[in-house]
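Have a look below at one chain only, the form predicted on its own, in structure tokens format.
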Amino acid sequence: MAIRRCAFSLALMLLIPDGAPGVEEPCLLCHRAEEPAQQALLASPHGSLAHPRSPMAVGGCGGCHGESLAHLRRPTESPDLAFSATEALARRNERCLECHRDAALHWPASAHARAELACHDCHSAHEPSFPRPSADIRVEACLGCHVELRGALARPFNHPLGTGDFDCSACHDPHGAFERAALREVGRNETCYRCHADLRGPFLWEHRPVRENCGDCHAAHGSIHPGMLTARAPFLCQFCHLAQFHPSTLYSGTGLPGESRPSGSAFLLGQNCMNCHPAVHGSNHPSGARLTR
């Protein structure tokens, strides 16, 4: 066995003179192309020989891992860059940013960069689905760290994350943004309007909380109340509408149907406040000053 290893090392030394560029053929002497991991790499954008800018087309495996001449001569030596946790974080990320800097313009100031995450903590560069696996896998990747949101996303009323092509990045840019929480748009409302454009307005009669912040009434990651409301109406409405008598007499369970009141209160049943004020996001009707139409 020792003689075989020496012969193999000698063959590599003859194949790879000093200063030779890192190419894929010597790597495949050990990392055989028929192995599942290598088949996945060769089917990925990084391993494509047809794309003129792919690392494999430009410099073979050395396009990402460096020339690694010591490793090629003695396989027990590590490549120049193995993307392991023992290597400098900045060096690992900089190798990725050499090609992907346009996709990570705000990365240096992002929360993920401050948390000292490496690109390969979230991305698997050898996978055929790189950089976007299925939506459910992308959501699970985020929830691996943001565990506090897993419960919210499991509530009865939530955004359909993980279905179709909809994932956390629909609202947040994981590589960083100017906005708080790395929102893709300037302000929470503009982010919501990316999908809910019909609620943008302008309206003749505006509902002030709608204009100021969608989050005043809606829980973006999930809620136990219909419409992802932060509280059930009419109680949600009464956080702001505190005038005496209607519309803000304090309602409670005493207004529900029962022996003493078979019909119940119209302010607690059906659509509660929206039984009369359905245009809660705003109205363009000439008579809609109270959002009644």
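Being a predicted model, the structure only gives us computed values, none of them experimental. In this text, residue numbers run from 1 along the sequence as written.
Separately, the form predicted together with a small molecule exists; it is not shown, and the next lines address it.
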Query raised in the report: At the 4.5 Å heavy atom threshold, is residue 155 in contact with the small molecule in the model of the complex?
Result: no
Query raised in the report: in the model of the complex, does residue 187 have a heavy atom within 4.5 Å of the small molecule?
Result: no
Query raised in the report: So in the model of the complex, does residue 283 come within 4.5 Å of the small molecule, heavy atom to heavy atom?
Result: no
Report task. Give a yes/no on whether residue 122 approaches the small molecule to within 4.5 Å in the model of the complex, heavy atoms considered. Result -> yes
